[in-house]
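A single chain comes next, written as structure tokens; it is the form predicted on its own.
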């Protein structure tokens, strides 16, 4: 049986069309994916992303656990700040990508949908292996997460709190109150726009807060936004989707995430990554913009002169560019920016595409 957000009845009231995603029944769209996409790019949108996980790590060795379990040295991240990182297996492949927030003496980890139990089990295994004094609590089923995203997101949230929202730098976080509801706010998101995420214990009136944010955003053109636009927004910015970009076991080097690796500390998977750096890799994530009509999809082959050189990990229509775009793992010798390749759509029609630098869309949309 599919899990549901604590706001499911409200989404139905708001006219949501639902979809299954990672074991959850969640809104796909309310008006249309295109309309909601542009609402976030140009105004402000409100997402319910309560399908994402919530893991709280406390104890005197909490920092050590995060540092050995991720590619970030957590001792560098002070209270009131957070970090995007990845959790690796010993072979250097990604278990999950995540954001952790340092609040007081605790760390709040946000795994991807359907990955909370896997990540919790892994962290407990590592804690036992290193005899760390920590508590690891999976609170995913008792937390809601809202994402307020878009150029007007700060102004909307400021209307319902005395907290100075503008003080938060990227990945900054704090405990605060919105319209009487206690939240953790972080300047994070999955759209590439100015945005914030709120984590709320569901013992509070999360439905009332969702309505309040919509009411506060009326003058700014706010709309509820579904997972369809969330996917097209992240794809335009070349953000990874765990179930796609890490499918089959990918390392952060292959996934173009080397920039988040802090090499100056020990972490699980480091030896494997150092070996990859020395020996090289066969494939790397590559960015393809279609120059012919057609929509690439996950699993489509990528060819050069009739020879398969890779596969699409994520693909779709870019509303801002009005053309097909894709991320694909391509053999490293075929990744020259400006070169053209062909994406084999559904195993039949070939779509010509150009290799480009990320992101597909900057601030011009």
Partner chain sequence: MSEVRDNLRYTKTHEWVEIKEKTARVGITDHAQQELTDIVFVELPEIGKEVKKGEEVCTIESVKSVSEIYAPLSGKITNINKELEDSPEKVNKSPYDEGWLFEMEISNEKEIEELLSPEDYRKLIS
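Everything numeric here is computed off the predicted structure, so don't read it as measured data. Residue numbers count along the first chain shown, from 1.
Heads up, the form predicted together with its partner chain isn't pictured, but that's what we're talking about next.
Asks: Find the only residue in 46, 33, 68, 57 having a heavy atom within 4.5 Å of its partner chain in the predicted bound form.
Replies: Flagged contact: 33.
Asks: Could you work out which of 317, 62, 302, 52 is the residue within 4.5 angstroms of its partner chain in the predicted bound form, going by heavy atoms?
Replies: The option sitting close enough to the partner is 317.
Asks: Would you confirm whether the three residues 17, 29 and 349 all fall within 4.5 Å of its partner chain in the predicted bound form, going by non-hydrogen atoms?
Replies: Per the other structure, all of 17, 29 and 349 touch its partner chain.
Asks: Answer yes if any heavy atom of residue 297 is within 4.5 Å of a heavy atom of its partner chain in the predicted bound form; otherwise answer no.
Replies: Residue 297: yes, in contact with its partner chain in the predicted bound form.
Asks: Would you check, heavy atoms only and a 4.5 Å threshold, whether residue 231 touches its partner chain in the predicted bound form?
Replies: Residue 231 belongs to the contact set for its partner chain.
Asks: Just to confirm, residue 293 within 4.5 Å of its partner chain in the predicted bound form by heavy atoms?
Replies: Residue 293 belongs to the contact set for its partner chain.
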